[in-house]
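We begin with a single chain expressed as structure tokens, specifically the form predicted alone.
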């Protein structure tokens, strides 16, 4: 890893260089909530001044750019009495993420384990992921963030460069040669000892702002022991089974595939759509049998996938602690409260 320092005004120059021939996505303010707090979202940007690098968190994760909710996998049509198949990976143009928080970078790293580095990688995800350039930036901890408990408050890999605000200048960590070559186009310098000290102080101050916590000690074992706990029924009675949690989660990747054939039998389409394990038809099979007809069963298996099954497979939780699910849940179900109740044996 290489470290550099540059003046804040140089970041705009870097943006213009990147945006000249690439699609750039960054956090922008799209409105206000009922308490007049700004609402942020990732969207394509062409003006550096529209990017809000001091954003708190986005309502939706960056997932839709590499794992979209609805995606055509292939199309078919008849021409000259022969079927012709067309596949579009929708990754023809490099995509640059300008300002991704550590939790969202770590979410990508977790998805990579399943969709990129597995025995059978998903080619549509692979094409988009390998066509990305990521600029990370330190987050602004919120009361609902428990990413420090999940070890996702810092990112060690999964980005090209990572910038930290030191007041009048940026401290940048360079992880790839592509990032190094881009930075040659702006004025940078070697960080001095005082810059490293400021960097460490900045990290220490940010860490103090994390207030939400989840006790992950022996969590997988505790989940094994509490599989039949009445706590799950209590939370299930509260759950609306709407699937909002999966929609806003940066690591949920379950999907279904639907095939449609035009009525004239001259064309067809195969489409992938993201699914949620909380929806009533998630475990329904041909013939109408449902393996998980009850809400508490579906909610429980969502937690077991995140904090038990993924841990067994990859020795880490699938949850990054961004807190989006709890903030968006219409029933007010939050991960720290659920985990605490399972550990304590009662709903809190």
Partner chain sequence: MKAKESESKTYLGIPLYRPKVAFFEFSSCEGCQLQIINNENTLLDFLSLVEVVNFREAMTEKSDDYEIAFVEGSITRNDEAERLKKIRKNAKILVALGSCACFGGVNQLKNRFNNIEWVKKQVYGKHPIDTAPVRALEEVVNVDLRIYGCPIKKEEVEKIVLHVVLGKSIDIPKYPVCMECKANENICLFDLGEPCLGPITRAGCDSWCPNNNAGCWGCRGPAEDANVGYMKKIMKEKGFSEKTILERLDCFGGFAQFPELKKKGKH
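Note that the coordinates shown come from a computational prediction; the quantities given were computed from them, not determined experimentally. Take the two forms, superpose them, and find the largest set of C-alpha atoms that agree within 1.5 Å; that set is the rigid core. Residue numbers count along the first chain shown, from 1.
Although not depicted, the form predicted in complex with the partner chain is the subject of the following passage.
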Are 34, 261 and 331 jointly within 4.5 Å of the partner chain in the predicted complex, each by at least one heavy atom?
yes
So if I measure heavy atom distances to the partner chain in the predicted complex, which of the stretches 215 to 223, 159 to 167, 199 to 207, 75 to 83 falls within 4.5 Å?
75 to 83
Using a 4.5 Å heavy atom cut-off, which residue among 241, 174, 231, 96 comes into contact with the partner chain in the predicted complex?
241
Please run the contact check for residue 149 against the partner chain in the predicted complex: heavy atoms, 4.5 angstroms, yes or no?
no
For residue 273, is any heavy atom within 4.5 Å of the partner chain in the predicted complex, or not?
yes
For residue 88, is any heavy atom within 4.5 Å of the partner chain in the predicted complex, or not?
no
With the cut-off set at 4.5 Å between non-hydrogen atoms, does residue 314 touch the partner chain in the predicted complex?
no
What residues in 43 to 73 sit within 4.5 Å of the partner chain in the predicted complex, counting heavy atoms only?
59, 60, 64, 69, 70
Does superposing the core leave residue 240 with a CA shift of 2 Å or more between the shown form and the other one?
no
Displaced residue check between the shown form and the other one: residue 79, CA, 2 Å or over, core reference:
yes
